[in-house]
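Next up: a single chain in structure tokens, the form predicted on its own.
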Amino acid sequence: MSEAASVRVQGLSRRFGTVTALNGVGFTAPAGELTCLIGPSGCGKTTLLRLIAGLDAPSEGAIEIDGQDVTRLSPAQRGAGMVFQSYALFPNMTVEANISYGMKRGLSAREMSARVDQLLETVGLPGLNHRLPNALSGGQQQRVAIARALAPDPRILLLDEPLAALDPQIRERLRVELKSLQHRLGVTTIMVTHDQEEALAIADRIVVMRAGRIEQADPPETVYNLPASAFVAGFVGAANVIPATVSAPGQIQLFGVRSLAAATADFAIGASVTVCVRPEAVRLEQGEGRGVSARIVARQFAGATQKLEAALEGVARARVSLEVPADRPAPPIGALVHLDFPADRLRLFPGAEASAVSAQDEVAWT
């Protein structure tokens, strides 16, 4: 493999007539890391990947690969290998012919065959040289497509939802294999996915996009635990997104009825805020009068956990999602409980963000 190269995007915009698909996008994909682009349908993530690949040209901005400006270079000059969602294998060509198709010219037949054998060994498909694509499973086709993308020894690897067409169980297994392969090769990889769980599981860095802009670009742990906006909190993983008011220094009024401790230093007293808290951070309190009173209205067994939904007492349509370990007794539907919202697990955002987050953004309100 070529030495891993970083990718830097600066002020990238792409317009199609009056429609702006990308608007001043900028981020860095560090060398040797796997960066995932995620966001709602139509947010611009595939457009961004195509611009990096050179399959489309930006309206403004620049793209650098390992410090070289490649904005106006052809795809072949960028040293990028790409895997499409459909894999785009030639159906009438063998696995070996598919992989060798993109190899550098000037290699002898023996050298090309040896390179194909090496790549098939790398992706875990030794000996399948003479199979046709329709004789392979979806997972095997995906790995052949990756081997073909790696054949010309690219500086970066670009993946456009490579696992989307696979069954859930196969997809979960292959994403582990994909991350293992990427780590072993050390090739800088940028991958588009619609699956937030997939991104959290395999990415070194996640770029969250919305309406042609980047909301946050950070390691998965940071995106999940310290979301930069209410949109990110609601889009990446489950989150309770709750309106509140800052009632005093270090205090918020939740749903207008209950005061909670929270970090309010960035907000004035009386300010409207959006509170985001993960379901696993909400705790069931024991004892009368402790925490916020609520009544269990739904339960769902989810393997290692039980997912609960609670309606706050005396507040119309105010519901909170929480989780408890499956090996602990969970309160039955209709039970009165008390909920605690730890101050260090609450994320506060300006109140305007509450109205900015909508069902069209594919956020699950809880």
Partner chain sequence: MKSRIGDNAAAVVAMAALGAFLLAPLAALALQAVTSDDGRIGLAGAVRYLTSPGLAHSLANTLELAVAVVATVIPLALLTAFALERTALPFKGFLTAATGVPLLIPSLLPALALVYLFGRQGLLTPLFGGQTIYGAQGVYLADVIATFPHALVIIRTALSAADGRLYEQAALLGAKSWRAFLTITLPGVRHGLVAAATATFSLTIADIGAPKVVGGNFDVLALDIFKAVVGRQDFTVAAAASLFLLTPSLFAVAAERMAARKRAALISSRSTPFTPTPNRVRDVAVGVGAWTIALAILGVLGVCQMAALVSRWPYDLSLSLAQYDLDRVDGGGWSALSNSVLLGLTTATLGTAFAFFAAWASERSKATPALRQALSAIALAPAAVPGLALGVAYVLVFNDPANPLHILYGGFGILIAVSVTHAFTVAYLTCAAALKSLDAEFEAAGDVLGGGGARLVARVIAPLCAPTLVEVFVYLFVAATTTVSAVVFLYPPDVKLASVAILNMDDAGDIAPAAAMGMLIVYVNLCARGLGLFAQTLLKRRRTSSADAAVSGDPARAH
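All values reported here derive from a predicted model rather than from experimental measurement. Positions refer to the first chain, counted from 1.
Beyond what is shown, the protein has a form predicted in complex with the partner chain; the following relates to that form.
- Although the partner is absent from this view, Asp167 contacts the partner chain in the predicted bound form, with a non-hydrogen atom inside 4.5 angstroms.
- Although the partner is absent here, Ala80 sits close enough that one of its heavy atoms falls within 4.5 Å of the partner chain in the predicted bound form.
- In the predicted bound form, the partner chain sits within 4.5 Å of a heavy atom of His130.
- Heavy atoms of Gln141 reach within 4.5 Å of the partner chain in the predicted bound form, making it an interface residue.
- Note on the partner interface in the predicted bound form: the residue among Ile296, Leu136, Ala228, Leu185 having a heavy atom within 4.5 angstroms of the partner chain is Leu136.
- Note on contacts: among Gly250, Gly102, Gly124, Pro219, the single residue with a heavy atom within 4.5 Å of the partner chain in the predicted bound form is Gly102.
- Taken together, the three residues Ser259, Pro342 and Pro350 all stay farther than 4.5 Å from the partner chain in the predicted bound form, as judged by their closest heavy atom.
- Only one of 236 to 244, 270 to 278, 87 to 95, 185 to 193 places residue heavy atoms within 4.5 angstroms of the partner chain in the predicted bound form, namely 87 to 95.
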